[in-house]
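The chain that follows stands alone, in the form predicted on its own, written as structure tokens.
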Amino acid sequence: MSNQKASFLVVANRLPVDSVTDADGNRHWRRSPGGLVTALHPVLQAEKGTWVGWAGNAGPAPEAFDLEGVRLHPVSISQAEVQRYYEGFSNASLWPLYHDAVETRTFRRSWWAAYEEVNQRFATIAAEEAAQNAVVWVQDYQLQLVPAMLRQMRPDLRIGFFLHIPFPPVELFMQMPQRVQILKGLLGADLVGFQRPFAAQNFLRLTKHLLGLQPRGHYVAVDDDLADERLVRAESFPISIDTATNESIAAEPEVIKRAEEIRNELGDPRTIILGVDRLDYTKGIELRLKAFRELLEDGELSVPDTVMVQVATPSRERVEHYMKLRNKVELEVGRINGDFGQVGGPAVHYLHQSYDRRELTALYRAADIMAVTPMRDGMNLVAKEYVSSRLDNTGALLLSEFAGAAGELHQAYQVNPHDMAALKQGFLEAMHASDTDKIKRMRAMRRHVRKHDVQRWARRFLSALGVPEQQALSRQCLGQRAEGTFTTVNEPT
């Protein structure tokens, strides 16, 4: 393993690898398949870059190691810090607040202390690993203090930050006791990226409201005692998927055959409604199930002509909000199946487990309607995955207005998930639309996700950060495709 400093670093809560045990009991690392990994891996390879992140297990971190041409530097996080930094401040304070306080947020001083300490650890490692004038790209809400901490130690660096989840309006952000520290942490970056334009505008408004700064356009001038004045740019860069790989998988004969098998296993219904989500209270799973139940009660839908498949990937199972949500969802599924299911034919097929990439793609191909109805979401890449899998331009996407993807996939059947009547009507509209209408909508959405893929997202961000095109950002480099073995729902961890 080389001790050479890196000219390009990614700093994220998690490393882009999974620990795997083979048949002989030997542990080794395998690259994860997420969109962020796919987009940045070729850049890291070309630049002999470093990815700094947690390996996923509490306790001492493994030694830094190389995998597929990229140096991976694990960060240690203790069990107490997992509870306070990750499950506590990140996911019980920030997550609900940033998602419009859909669930009650909790603030504890011990959680904040752990958040500061872990962020400092990430920043220190990045500072040690970075070459002179290196580019460092910090990822997501768990590490919002890292940009300022890193700039204090290494003012020579070019620092970018991207938030994968929504950024709240001024009124919500002001509830946070540590609001000034978080805002100053983000202002340590040269470029702060968001999923949607309103999020960038919220951030810039806060710099004026909280700090008295004077933003102009996409920029705000900051005096951080390290220079006379430094411009911070805040703008939206909507993330996407590895469209070409998704389409390739959807075209595989085995996947096509599996989609047909799924329809047969479900009793070959006229309409299959599919939901694929992490089991999270922001995803609107409860309301989606309630809308389906009311449509059955109203006689608008019937079993076995229509069935719902709800994949709920396990998520943060130790956090109280998530334990309660699972109970509520499973009770609602049981109620629907008790009232409307038949022997051997439930109305809702509820699957609380993760699925590999091909099985998910087969589900996408089998589904007549994909219901993506979060209460609030930064992007929701599942919507784009469904669109990219519909190679024959069939199918219908029912999409929440409050998913970031709604700002791009205008041809989806968009609904307000907070309005039960509108949600029910959205299901019926998607179900009863003509084939011509559905094909026209799907063709346009597929064209968009093909043009605006995850490689384009990475190029746009790094170009805005000031990374030269010749510095590993050529289309040839970013066009390299890589595929992992396992797939999870593409959401922040």
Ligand code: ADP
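So that there is no doubt, residue numbering starts at 1 and follows the sequence shown. Nothing here was measured: the structure is a model prediction, and the numbers come from that model.
Unshown form predicted together with the ligand; subsequent notes refer to it.
A heavy atom within 4.5 Å of the ligand in the predicted bound form is found for one listed residue only; from Tyr413, Tyr281, Phe173, Tyr355, this is Tyr355. Out of the listed residues Leu206, Val118, Val135, Val276, Val276 is the one that sits within 4.5 Å of the ligand in the predicted bound form by at least one heavy atom. Proximity of Val382 to the ligand in the predicted bound form falls within the 4.5 Å heavy atom cutoff. Residue contact check for Tyr364: one or more of its heavy atoms lie within 4.5 Å of the ligand in the predicted bound form.
Put simply, Leu360 is close to the ligand in the predicted bound form: some heavy atom of it is within 4.5 Å. Contact check for Thr313: a non-hydrogen atom falls within 4.5 Å of the ligand in the predicted bound form. Annotated contact segment (heavy atom within 4.5 Å of the ligand in the predicted bound form): 382-390, selected among 198-206, 120-128, 382-390, 332-340. The partner is not shown here, and in the predicted bound form the stretch 408-440 never reaches within 4.5 angstroms of the ligand through any heavy atom.
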